[in-house]
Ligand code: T3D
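Below sits a lone chain in structure tokens, taken as the form predicted alone.
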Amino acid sequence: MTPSSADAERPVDPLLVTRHDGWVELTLNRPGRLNAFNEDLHRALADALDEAAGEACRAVLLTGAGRGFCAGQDLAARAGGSGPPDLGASLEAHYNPLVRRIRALRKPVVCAVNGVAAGAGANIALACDIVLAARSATFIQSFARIGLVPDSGGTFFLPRLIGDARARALAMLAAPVDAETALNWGLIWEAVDDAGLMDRARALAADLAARPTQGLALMKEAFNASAANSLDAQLDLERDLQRAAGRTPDYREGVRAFIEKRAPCFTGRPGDGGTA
């Protein structure tokens, strides 16, 4: 069947949102540009993550359409301006809020890297809580190829994940890293056969959505703070977060299930101040 002219002119959604039972799948959908970011994609992803912050969603899966995860910024979208661009303004308006949304979201965020993840695309993947990659995927800190500095948290995440020596070399040489190397270096959680990537990622997101959501949110808070905290400060934070976790319905359910020797049924509801 030949598509009508109306179909041909209909704009394509830059982000596909698929809602599942308790979790949401977000697919970057500019495959002809390797899902490179433009303003429309930034706005759509920001709105979707804000919606995911609601109580109905308990986990997020982020992936890309087509043969790549994300090539970073769509440079064609910046063509035609007069004078040097203010790239810092772009980071302030779009990329930095995106990384902050992912890190602050009180739900686990799984990233399924289905192909190349380059530049900001690689670092947005690394901002997620659990990263899976197809064995054919590559991670490239491509900034040096055009005279730029790693952004979107790259200079923060890379040294902490793989060490300073590897981080500096990857950034300065813009060398691609395959999925197996990324796994061996601790850059990602799993390397998965290409054909099984999305099944594995969806199963993981569904599993996380059935876990104690408030406890996972507090866990994210602890990990987010640990890089800047002293041991004493982190111990104090763990105390405070554990106090909050102990007041959630899921903690009470977990204890009951353990005593009754059955699988727990977590709801993810906020704490109400009760005791086990």
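Just so we're clear, the structure is a prediction, and the values are computed from it rather than from any experiment. All residue numbers are counted from 1 along the displayed sequence.
Quick note: we don't show the form predicted together with the ligand, though the next part is all about it.
S.K.: Answer with yes or no whether residue 181 is in contact with the ligand in the model of the complex, where contact means some heavy atom within 4.5 Å.
M.R.: Residue-level check for residue 181: no, no contact with the ligand.
S.K.: Residue-level question: is residue 76 within 4.5 Å of the ligand in the model of the complex, judged on heavy atoms?
M.R.: Heavy-atom contact with the ligand at 4.5 Å: present for residue 76.
S.K.: Heavy atoms within 4.5 Å of the ligand in the model of the complex: does residue 136 have any?
M.R.: Residue 136: no, not in contact with the ligand in the model of the complex.
S.K.: Would you please decide whether residue 126 lies within 4.5 angstroms of the ligand in the model of the complex, comparing each non-hydrogen atom pair?
M.R.: Contact check for residue 126: no, nothing within 4.5 Å of the ligand in the model of the complex.
S.K.: Is it true that 32, 67 and 91, all three, sit within 4.5 Å of the ligand in the model of the complex, judged by heavy atoms?
M.R.: Yes: 32, 67 and 91 each sit within 4.5 Å of the ligand in the model of the complex.
S.K.: Please tell me which of 191, 116, 109, 177 lies within 4.5 Å of the ligand in the model of the complex, judged by heavy atoms.
M.R.: Contact residue from the list: 116.
S.K.: Could you work out which of 99, 71, 197, 205 is the residue within 4.5 angstroms of the ligand in the model of the complex, going by heavy atoms?
M.R.: Only one option qualifies, and that one is 71.
S.K.: Picking from 153-161, 117-125, 197-205, 99-107, which part of the chain touches the ligand in the model of the complex when contact means heavy atoms within 4.5 Å?
M.R.: Contact-bearing stretch, as computed: 117-125.
S.K.: Within 195-211, which residues have a heavy atom closer than or equal to 4.5 Å from the ligand in the model of the complex?
M.R.: Residues within 4.5 Å: none.
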